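Shown here is one chain on its own, the form predicted alone, set out as structure tokens.
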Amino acid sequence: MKDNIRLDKFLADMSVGTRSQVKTIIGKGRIKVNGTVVKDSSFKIDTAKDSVVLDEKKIYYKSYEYYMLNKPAGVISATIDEAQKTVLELITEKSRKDLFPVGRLDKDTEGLLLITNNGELSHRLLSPGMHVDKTYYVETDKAIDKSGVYNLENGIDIGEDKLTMPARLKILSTGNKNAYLLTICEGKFHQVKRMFQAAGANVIYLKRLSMGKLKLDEKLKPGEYRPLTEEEIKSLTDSCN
């Protein structure tokens, strides 16, 4: 099936410029399609077959992009913000201009954040009905007692109409450092922090390690990112099935 779009939209989608900017670029004869100069902004492009060149540089069309970001603390999970730095500002080599973070991590939370422009996949990953697991590394100011562990694993009251869904908790250490792995399949506002608070402890460090079958690349330092591999994209899709 052909994917035909206007030349100006093609260029704008690939972050060449705004619609008005690319119209100017096209009008100046700087664009060639299949070797021929095109000055008509409404010229239709077959994204699967046509060759589009700007000033002798080929522009490759990407319908979807997927990036794994190791979100650092101090950056907000938003597309744009006038006062604070956003996660999208960290993705400096993107082609698409319509990327967004899939879900949110709190400003002080680190770890795995998927950046894409695939709205359907994002919806499926975040849908409560899909029950996509998310695993977090958690450090708290005090150890959780047996009652708190039971409630975390079987549903705990965080002040909403229903208890949280059952979670999986692994105790890594207690004493000098109280560290846990928590796996949940929901995504309520500040959920992990609220769950531990309801269990009797405050979260002092939080990092997301995985989402569905996608695991954070340990080689990525906070603030670093990379494109997903084809296998990782498939694993995300499988997580929603």
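Note that the structure is a prediction, hence the values are computed from the model and not measured. The numbering used is simple: start at 1 and walk along the sequence shown.
The same protein has a further form, the form predicted in complex with a small molecule, not shown here; the description that follows concerns it.
Trainee: Within a 4.5 Å heavy atom cut-off, is Ser41 in contact with the small molecule in the predicted bound form?
Mentor: Answer no; every heavy atom of Ser41 is more than 4.5 Å from the small molecule in the predicted bound form.
Trainee: Look up in the predicted bound form whether Val192 has a non-hydrogen atom within 4.5 angstroms of the small molecule, and give yes or no.
Mentor: Output for Val192 is yes: heavy atoms within 4.5 Å of the small molecule.
Trainee: Within a 4.5 Å heavy atom cut-off, is Thr109 in contact with the small molecule in the predicted bound form?
Mentor: Answer yes; at least one heavy atom of Thr109 falls within 4.5 Å of the small molecule in the predicted bound form.
Trainee: Is there any non-hydrogen atom of Leu206 lying within 4.5 Å of the small molecule in the predicted bound form?
Mentor: Yes, contact at 4.5 Å.
Trainee: Going by heavy atom distances of 4.5 angstroms or less, which of Leu152, Ile144, Leu105, Val75 would be at the interface with the small molecule in the predicted bound form?
Mentor: Selected residue: Leu105.
Trainee: Using a 4.5 Å heavy atom cut-off, which of 210-218, 192-200, 51-59, 33-41 contacts the small molecule in the predicted bound form?
Mentor: Answer to the contact question: 192-200.
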